[in-house]
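One chain is shown next in C-alpha cells, namely the form predicted alone.
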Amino acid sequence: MAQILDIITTAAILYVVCAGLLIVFGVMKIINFAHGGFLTVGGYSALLVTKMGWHPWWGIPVSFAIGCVCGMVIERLVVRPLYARPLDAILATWGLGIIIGQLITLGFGREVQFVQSPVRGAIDFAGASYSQYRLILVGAAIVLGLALSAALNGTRLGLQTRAVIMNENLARGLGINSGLVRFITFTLGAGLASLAGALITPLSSVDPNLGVPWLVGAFMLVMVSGMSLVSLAIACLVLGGAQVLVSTYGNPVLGGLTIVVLAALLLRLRPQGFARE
C-alpha cells in the first residue's frame, strides 16, 4: 500500500510543479525555462516566512504573490518584446532562470537550508503509516486542477484564453485582447510555479539550484500532455509511477531519468502523447 501511495503522491507533486508551465506553453507557445527559477523563488519565499516566525502555511499565499509580481515584471520587460521571436524568448527565459539563481545566491548564499513543514508526522492510511504532508499535497493537486479547469471553462477570461489557444489571430479579429491574455497567463504561470516551489520544499531542502532538477522532467510531461490538464494528470500518474517503480526496484539514478526517457519514446511512437486524437 505504501508504494501505491508513493505513486499517487509523486504524481500529485509533479502535477503541481507542471501546472504553471503547461498554462504558459498552452497560451503563449513558449517554453518558459525560467520555470525552474520561479520554483526556487517559491522555495525561498517559504524559507523567509518561517524565518520571520510566521506559520509555515503562510508560505503558500506569500510565494504565490511574489511569483505573480515577478511574472508581471518579467512579462512586461523581457518576454513581451519577444512574442514574435519564440526561439529568442526561449533563450531569454533560460537566461532569466540562471540570473534568478545567481541573485538568490547573492542574497541567501549557496548553503542548503530547510523549511519547516506545516504538518509533521505520519498517519495510518489504508493500513499503512504515511506522511501527512504528502497526502495533503494530493488534495492540493486536486484542488489546483479543479480550480484551473473551472477558470478555463467557467469564466469570460477562461473563454478568451481558450480562444487564444485555438487560434490567436482569429481571437484578435473577434476583439479579444490577446496581449492582456498573455500577460495574465504568464503572471499566473509564474505564481503557480512559485507556489509549487513552496509546496515541495518541506519534502527536501532549499538551495539556489532547487528548480533545476524539476525543469527537464516538467518540460517532458508538458510535451506529452498535449496542453490538456486532464492529459497532464494522466502523464504525471503514468510516468511518475514508472519513476517510483524504477527507483524502488532498480536504481534511483535511473529513476531520475525515467520520465525523460519514457516521454521521449512516447512522443516518438505517439506524437500527440496522452492527448486525445
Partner chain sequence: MNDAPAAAAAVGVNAVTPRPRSDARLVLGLAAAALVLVAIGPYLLPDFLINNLIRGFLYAAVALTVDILWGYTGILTFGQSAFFGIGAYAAGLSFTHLGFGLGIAAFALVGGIAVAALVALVIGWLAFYHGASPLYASVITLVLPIIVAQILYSGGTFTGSSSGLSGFESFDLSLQIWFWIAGVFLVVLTSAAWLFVRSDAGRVLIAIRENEPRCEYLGINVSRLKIVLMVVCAIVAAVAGYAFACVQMVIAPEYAGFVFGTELVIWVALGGRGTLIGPVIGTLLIDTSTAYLSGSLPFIWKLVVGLAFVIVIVALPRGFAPLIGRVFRPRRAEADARGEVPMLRASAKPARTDRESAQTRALDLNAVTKHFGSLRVLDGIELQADHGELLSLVGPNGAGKTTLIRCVSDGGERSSGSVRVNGHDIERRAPYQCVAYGVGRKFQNANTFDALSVAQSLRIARSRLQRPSLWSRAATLALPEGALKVMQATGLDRMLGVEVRHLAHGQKQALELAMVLAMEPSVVLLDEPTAGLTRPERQLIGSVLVELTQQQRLCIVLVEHDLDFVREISSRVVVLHQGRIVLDGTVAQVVESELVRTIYSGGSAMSGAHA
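The model shown is predicted, which means the values in this text are computed figures rather than measured ones. Positions refer to the first chain, counted from 1.
We do not show the form predicted together with the partner chain, though everything after this point is about it.
Look at 88-96, 142-150, 127-135, 194-202: in the predicted bound form, residues with non-hydrogen atoms within 4.5 angstroms of the partner chain sit in 88-96. For Ile66, no non-hydrogen atom is located within 4.5 Å of the partner chain in the predicted bound form, even though that partner is not displayed. Residue contact with the partner chain in the predicted bound form: Val216 places a heavy atom within 4.5 Å of it. Contact annotation for Arg120: none of its heavy atoms lies within 4.5 Å of the partner chain in the predicted bound form. Though the partner is left out of this view, Leu82 does reach within 4.5 Å of the partner chain in the predicted bound form, counting heavy atoms only. In the predicted bound form, the partner chain lies within 4.5 angstroms of at least one heavy atom of each of the following residues of 240-273: Val253, Leu257, Val260, Val261, Ala264, Leu265, Leu267, Arg268, Pro271, in sequence order.
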